Ligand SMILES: NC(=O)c1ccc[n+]([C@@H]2O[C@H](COP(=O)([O-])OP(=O)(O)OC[C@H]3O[C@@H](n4cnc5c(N)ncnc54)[C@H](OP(=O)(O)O)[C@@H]3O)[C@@H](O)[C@H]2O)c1
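Here you get one chain, nothing else, as structure tokens; it is the form predicted alone.
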Amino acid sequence: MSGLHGCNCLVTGASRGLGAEIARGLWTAGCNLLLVARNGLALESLISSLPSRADQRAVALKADLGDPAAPERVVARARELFPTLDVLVNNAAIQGPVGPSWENSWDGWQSTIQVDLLAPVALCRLVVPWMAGRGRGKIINLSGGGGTSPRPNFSAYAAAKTALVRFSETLAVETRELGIEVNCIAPGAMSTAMQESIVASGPSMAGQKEYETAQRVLREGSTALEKAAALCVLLASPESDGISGRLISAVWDPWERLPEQLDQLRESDVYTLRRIVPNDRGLDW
């Protein structure tokens, strides 16, 4: 991804898991990084593990996106560091309360919406005018379980991630003439702390299917982490120019070939959220 060399990137939730893998991928591609997470020590550890390069810089910023004021502080810091912003990756998220929605902590439900939906929306709102000033930018929002189908016992997370996908589709249309492209990634089940929290919740709260899937992923591992990070790097790069307003699965979709399908992709609703009507299923009512 030579087209990313020298690009300035802001990545949230970068201290571990997928966020850390994305940071490594963007660094390898030659990007400058502002890495944001609640755990400042973990961020510094990640940065110290990156190969030293004289023409790149990586900076850590400790911030809790559960605080509604945090997005403004994050973007203010990015403006101090970078003359322009090329890429925003909204990766930070929390699992939120697990169990039937009516039994969830209401404070926990609202906190999940704040971190998983309102914070990334706020960051998008803050960086779009900045990116528009140079007529180019890439925004990548991490979606996840619940974005395309019901996810019982994870209602706050699922609702937030579904809303983030629809917001991203809408923002992609709004920013089309500004040269800004917006996409979502469905990363698939990954061996991360979220899977550990599902197992800790137990099958009675998480549901038997979710519990068994989390056990399997933690036991066997998965390639989802690497695939999702590689897809993120692709969507950040000029190679993905023309792809916008899409929800792309890192595991199931042939995203490596998408740059070759731009004409067909532009004219279709492939990789978007749409309502199914009777005619779609061969019904005449």
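Here the structure is a predicted model, which is why all the values come from computation and not from measurement. The numbering used is simple: start at 1 and walk along the sequence shown.
FYI, the form predicted in complex with the named molecule isn't displayed, but the following is about it.
For the chain shown alone, residue 31 is not a contact residue for the named molecule in the predicted bound form, no non-hydrogen atom being within 4.5 angstroms. Although the partner is absent here, residue 39 lies within 4.5 Å of the named molecule in the predicted bound form, judged by heavy atoms.
Though the partner is left out of this view, residue 247 does not reach within 4.5 Å of the named molecule in the predicted bound form, counting heavy atoms only. For the chain shown alone, residue 187 is a contact residue for the named molecule in the predicted bound form, at least one non-hydrogen atom being within 4.5 angstroms. For the candidate spot formed by 148, 227 and 254, no residue has a non-hydrogen atom within 4.5 angstroms of the named molecule in the predicted bound form. With the partner omitted here, the stretch from 98-106, 168-176, 75-83, 137-145 that lies within 4.5 Å of the named molecule by heavy atoms in the predicted bound form is 137-145. For the options 155, 192, 201, 162, the one in contact with the named molecule in the predicted bound form, meaning a heavy atom within 4.5 Å, is 192. Of the residues 126, 205, 94, 113, just one reaches the named molecule in the predicted bound form with a heavy atom at 4.5 Å or closer; this is 94. Contacts between stretch 39-71 and the named molecule, counted in the predicted bound form as any heavy atom lying within 4.5 Å, involve 39, 63, 64, 65, 66, listed in sequence order.
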